[in-house]
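One chain is shown next in structure tokens, namely the form predicted on its own.
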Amino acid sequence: MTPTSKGFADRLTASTTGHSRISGIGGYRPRRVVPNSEIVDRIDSSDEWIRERSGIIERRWAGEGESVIDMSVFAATPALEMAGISGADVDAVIVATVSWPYQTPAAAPLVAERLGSKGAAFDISAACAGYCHGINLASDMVRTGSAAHVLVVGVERLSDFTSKDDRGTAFIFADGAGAAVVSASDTPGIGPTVWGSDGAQWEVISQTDSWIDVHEKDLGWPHIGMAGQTVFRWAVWGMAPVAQKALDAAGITADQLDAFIPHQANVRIVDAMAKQLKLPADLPIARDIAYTGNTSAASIPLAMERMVRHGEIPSGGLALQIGFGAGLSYAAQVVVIP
């Protein structure tokens, strides 16, 4: 090995010994509250049916002044404040979203500009699993020395891509943004991520038409469709083992958790996963879906932010978070609560 290559290897070895943690969390829920009563007539349903099927009582839909960029900034601001840094200190911005309506540029550079960051900025598209993907990417960037502070935003304006006449999805999807700052740490704060995908089932949650078809066939605005029962079975039976692998990778057991924060897809899925994981009866479990709906990439940080803000979970405790959805993609990790 030449002196140059040895120095290169030594530098890489030294740069991968660091740790990462979530140093700040923030969230933004749009101003407009949409109760079930506003939805039921167009899908021939009832408030009772929606609550029983999904656990949703109301959701938020964005309006004027609440674009994907606006909501991202609104969520990021308190996260930066909790982390004790400014936008200028952010070395990278990762935005997880499937509802930014531009093919290019990505949303992240615009968010970075609004916050005063000149760091790297890019989007990831992993739907409901996007935030947990972003946390893993940010953690790796920090641990390898590429960044000291990375802002991860999960944001969706799904009301733009929801058919108000689709009985299977009209009551589910909602809007909002959650943000986390991942920073360098003296001690481990983000466990190994267990992630994967099953692209063979991509059609069970997907945009109804490609942008090419929309253009060439004049199909109007596309929306997101979902094969509900297939997704339910996959989430209930397939994701609990993934969550268990994340616990195992972190070297802890369920009784050492201080919170369980799964993607807010459906309260029945949340409850079924908790049962399969044999979680303690008194463990705080996120059920933010009741008043926020399914906000895809935003759901986990929004749920954590609410639990932290209300004092439901302890700073410094351990939380298991798992995202799963279109793709079919998933990602899970144990994190220290900020």
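For clarity, every value in this text was computed on a predicted model and none was experimentally measured. The first residue of the sequence shown is number 1, and the count goes up from there.
Missing here is the form predicted in complex with oxa(dethia)-CoA (UT7); even so, the following discussion is about that form.
Visitor: Considering oxa(dethia)-CoA (UT7) in the model of the complex, which of Gly196, Pro109, Pro78, Gly228 comes within 4.5 Å of it through any heavy atom?
Guide: Checking each option against oxa(dethia)-CoA (UT7) in the model of the complex, the one that comes within 4.5 Å is Gly228.
Visitor: Among the candidate residues Pro192, Pro188, Pro222, Gly168, which is the single one with a non-hydrogen atom no more than 4.5 Å from oxa(dethia)-CoA (UT7) in the model of the complex?
Guide: Residue within 4.5 Å of the partner: Gly168.
Visitor: Please name which of the stretches 118 to 126, 260 to 268, 207 to 215, 144 to 152 has residues with heavy atoms lying within 4.5 Å of oxa(dethia)-CoA (UT7) in the model of the complex.
Guide: Looking at the other structure, the answer is 260 to 268.
Visitor: When the contact criterion is heavy atoms within 4.5 Å, does Asp41 count as touching oxa(dethia)-CoA (UT7) in the model of the complex?
Guide: Taking the distances in the model of the complex, the answer for Asp41 is no, it never comes within 4.5 Å of oxa(dethia)-CoA (UT7).
Visitor: Is there a heavy atom of Tyr330 lying 4.5 Å or less from a heavy atom of oxa(dethia)-CoA (UT7) in the model of the complex?
Guide: Close contact is absent here: in the model of the complex, Tyr330 is far from oxa(dethia)-CoA (UT7), nothing within 4.5 Å, heavy atoms only.
Visitor: Any chance Gln276 has a heavy atom within 4.5 Å of oxa(dethia)-CoA (UT7) in the model of the complex?
Guide: Judged by the heavy-atom cut-off of 4.5 Å, Gln276 is well away from oxa(dethia)-CoA (UT7) in the model of the complex.
Visitor: Contact between Gly325 and oxa(dethia)-CoA (UT7) in the model of the complex at 4.5 Å, heavy atoms?
Guide: Result yes; Gly325 sits at the interface with oxa(dethia)-CoA (UT7) in the model of the complex.
Visitor: Is any part of 178 to 204 within 4.5 angstroms of oxa(dethia)-CoA (UT7) in the model of the complex by a non-hydrogen atom, and which residues would that be?
Guide: If the 4.5 Å heavy-atom criterion is applied to oxa(dethia)-CoA (UT7) in the model of the complex, 178 to 204 yields nothing.
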